[in-house]
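First comes one chain, alone, set out as structure tokens in the form predicted alone.
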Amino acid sequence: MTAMPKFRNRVTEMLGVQLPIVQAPMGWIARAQLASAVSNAGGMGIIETSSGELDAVKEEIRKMRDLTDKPFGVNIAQAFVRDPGIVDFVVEQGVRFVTTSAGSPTKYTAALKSAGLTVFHVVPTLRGAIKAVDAGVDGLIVEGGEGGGFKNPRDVASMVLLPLVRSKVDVPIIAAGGIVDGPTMAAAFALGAEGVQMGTRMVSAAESPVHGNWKQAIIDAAETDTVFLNRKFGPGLRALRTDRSEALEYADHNVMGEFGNAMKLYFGGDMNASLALSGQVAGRIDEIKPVAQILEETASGFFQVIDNLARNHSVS
């Protein structure tokens, strides 16, 4: 059996990983249990801060050091973390890779980079990408509107956004939104990415801490079974179609006040207690798999796709 080729590009070199696959920093979900599985499988596990529970986050980072000796990162979700000492907090944990999101890249980039950290900023638009590059980030996470969670109210699909951003900036790009397997990873690379980020696929993974009801809802979902909420007010939200989310789909008010009890959904399994933030790729997920299997199949599928393209669509 021929060994699978190895990745080598700016993302793998900057992050120190074998696979340019990053796990999304989902609130309460992106903690040590899931993130360590991603890092141990050769990708980049990320610990979240969007829950705002910095004491718990610190404990999760401590757990990470017990569970993996591989690189991992932390996300600073600026809209949810108001602590002015967040940069010092991250630096003190010894983390070397940070993603920043839900806010201006000018706020923390300089301080994080002066401390020697590698910084990627999440952007949903070309304007945001150029602003982040001008702020000095090392790279971008370019987030298409088909992804789950908090979104720009004026969503743009990855098929449009990725090549547009790539045509205007030179920094490494990690693609987010619509990534679930080898073919979608290969498509992202064809559009200009050098890495990918997975969210919904990781929510459904065996090591994900969420209740089995949420995982099963992802498995049962059709490609049309997400709704985009709060488009008129922001932030936008993409969530699984449930009685709760469907009732809010065309609301003429800001729905953030009706987010509900996340803990009852995330860990209690009540799918109508809150909003099950998930991307359109839920319609392509039909099995709960261990993280290591997801990453291995994604990487091998990537190389199979690009090999098939080269063999089947070239003339000698």
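It should be emphasised that the depicted structure is a prediction, and the values quoted were computed from it without experimental measurement. Sequential numbering from 1, following the sequence displayed.
This next part talks about the form predicted in complex with another copy of the chain, which is not shown.
S.K.: Counting only non-hydrogen atoms, choose the one of 212-220, 150-158, 198-206, 70-78 that falls within 4.5 Å of another copy of the chain in the model of the complex.
M.R.: Residues of 150-158 come within 4.5 Å of the partner.
S.K.: Suppose contact means a heavy atom within 4.5 Å; in the model of the complex, does that hold for all of 168, 190 and 281 with another copy of the chain?
M.R.: Per the other structure, all of 168, 190 and 281 touch another copy of the chain.
S.K.: With a cut-off of 4.5 Å between heavy atoms, is residue 14 one of the residues that contacts another copy of the chain in the model of the complex?
M.R.: Contact with another copy of the chain, no.
S.K.: Using heavy atoms and a 4.5 Å limit, would one call residue 249 a contact residue for another copy of the chain in the model of the complex?
M.R.: The answer is yes: residue 249 has a heavy atom within 4.5 Å of another copy of the chain.
S.K.: How about residue 184: is it within 4.5 Å of another copy of the chain in the model of the complex, going by heavy atoms?
M.R.: Within the cut-off, so yes.
S.K.: May I ask you to check whether residue 225 falls inside a 4.5 Å heavy atom distance of another copy of the chain in the model of the complex?
M.R.: Yes, residue 225 is a contact residue.
S.K.: Among 107, 113, 232, 131, which has at least one heavy atom within 4.5 Å of another copy of the chain in the model of the complex?
M.R.: Partner contact (heavy atom, 4.5 Å) among the options: 232.
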